[in-house]
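Single chain ahead, written as structure tokens, the form predicted on its own.
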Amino acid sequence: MHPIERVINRLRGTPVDRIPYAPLTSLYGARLTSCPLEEYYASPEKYCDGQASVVDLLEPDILFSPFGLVIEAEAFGSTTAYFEKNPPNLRAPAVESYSGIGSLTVPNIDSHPRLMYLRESTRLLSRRYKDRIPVAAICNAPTELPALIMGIENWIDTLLFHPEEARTMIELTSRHFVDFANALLADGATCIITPASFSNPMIITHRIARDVLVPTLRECYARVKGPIVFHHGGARLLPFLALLHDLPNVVGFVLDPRDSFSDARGVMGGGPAIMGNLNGTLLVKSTPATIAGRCRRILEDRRDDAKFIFTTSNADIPYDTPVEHLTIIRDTVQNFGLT
């Protein structure tokens, strides 16, 4: 069974030969090819070469486009900092208060170089692994991108005290999200993954999440012409799941490592797939034996869940993670019997 068949069957709840798995190795391809990160996050060809090395080593069932959330914000004028062993991070937001929102414009998804890097990386992966390995394209949710355009504190201040300006910002990022997500799907992405930690009552008030952010997601997701996976983005998802589980076009949720699979399934019923919840960011500090034990516990817990996909949670698997820490995940999942 090819990975794409395995994943699609799992999303439908139909039989598979084994549980599909997908470690978040967007960054790790740079290590495997010894590619400097400024080059890796600028050249679609270098990124694709890195992911080809991931395929050769780990045989994942899903590949990811660059997990560089700030790259998308660069198209709005934010600037980024590059590091030797970490993905690019926000250096300075495009605007520093609600008063600057009116100066922003929606970037051209067909010409802006940073958006074209993300799109071309998706195209190259899709062409190389067409009809064999699904490609998940990363795209900021419209409710998350403002935090990268104006900074988290300024976005919270805008949401709480400047509702008109907040509405203007959300209209702007919503237009971008729908166009960009649909462009990535047209470029060959199998699905869109939207990390969304900010749209969470644990970070923002429940009222704003319920009355402003979730309706925005509902409206925008309905206009996306393909499946969406909702990623916890670093925050616990379970307390928020009741507001999210029936969003349009959402076929799965990646849970935080602290979230309970059983509790999440209790909220969602048998609808969307659930994914996670091995903490990928901690693999570098662990041991193969500990990792294998954690993987087996997750697999046993979800043995009878026909819509479970084994993925790592949180951000990219760290650059310095020993190779054997990842191959033990591969071996544990591939050798786990469903019968």
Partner chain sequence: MVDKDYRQYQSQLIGKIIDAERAEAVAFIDALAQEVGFPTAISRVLDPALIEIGELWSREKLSLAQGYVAAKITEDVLLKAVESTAWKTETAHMHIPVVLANIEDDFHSLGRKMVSTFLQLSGWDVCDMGNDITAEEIVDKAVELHAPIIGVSAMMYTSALNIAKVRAEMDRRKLANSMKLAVGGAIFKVRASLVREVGGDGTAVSAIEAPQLFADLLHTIKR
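Positions refer to the first chain, counted from 1. Since the model is a prediction, treat every value here as computed from it, not as a measurement.
The same protein also has a form predicted together with its partner chain, omitted here; what follows describes it.
Taking the partner from elsewhere, no residue among 124, 185 and 246 has a non-hydrogen atom within 4.5 angstroms of its partner chain in the model of the complex. In the model of the complex, residue 171 stays away from its partner chain, with no heavy atom inside 4.5 Å. Contact check for residue 116: no non-hydrogen atom falls within 4.5 Å of its partner chain in the model of the complex.
Shown alone here, residue 53 lies farther than 4.5 Å from its partner chain in the model of the complex, counting heavy atoms only. In the model of the complex, its partner chain sits within 4.5 Å of a heavy atom belonging to residue 89. Of the stretches 223 to 231, 108 to 116, 130 to 138, 151 to 159, only 151 to 159 has residues with a heavy atom within 4.5 Å of its partner chain in the model of the complex. Interface residue among 315, 16, 328, 11 relative to its partner chain in the model of the complex, by the heavy atom within 4.5 Å criterion: 315.
For the residues 166, 251, 95, 204, the 4.5 Å heavy atom test against its partner chain in the model of the complex is passed only by 204. Residues 281, 282, 284, 285 of 275 to 293 are found to place at least one heavy atom within 4.5 Å of its partner chain in the model of the complex.
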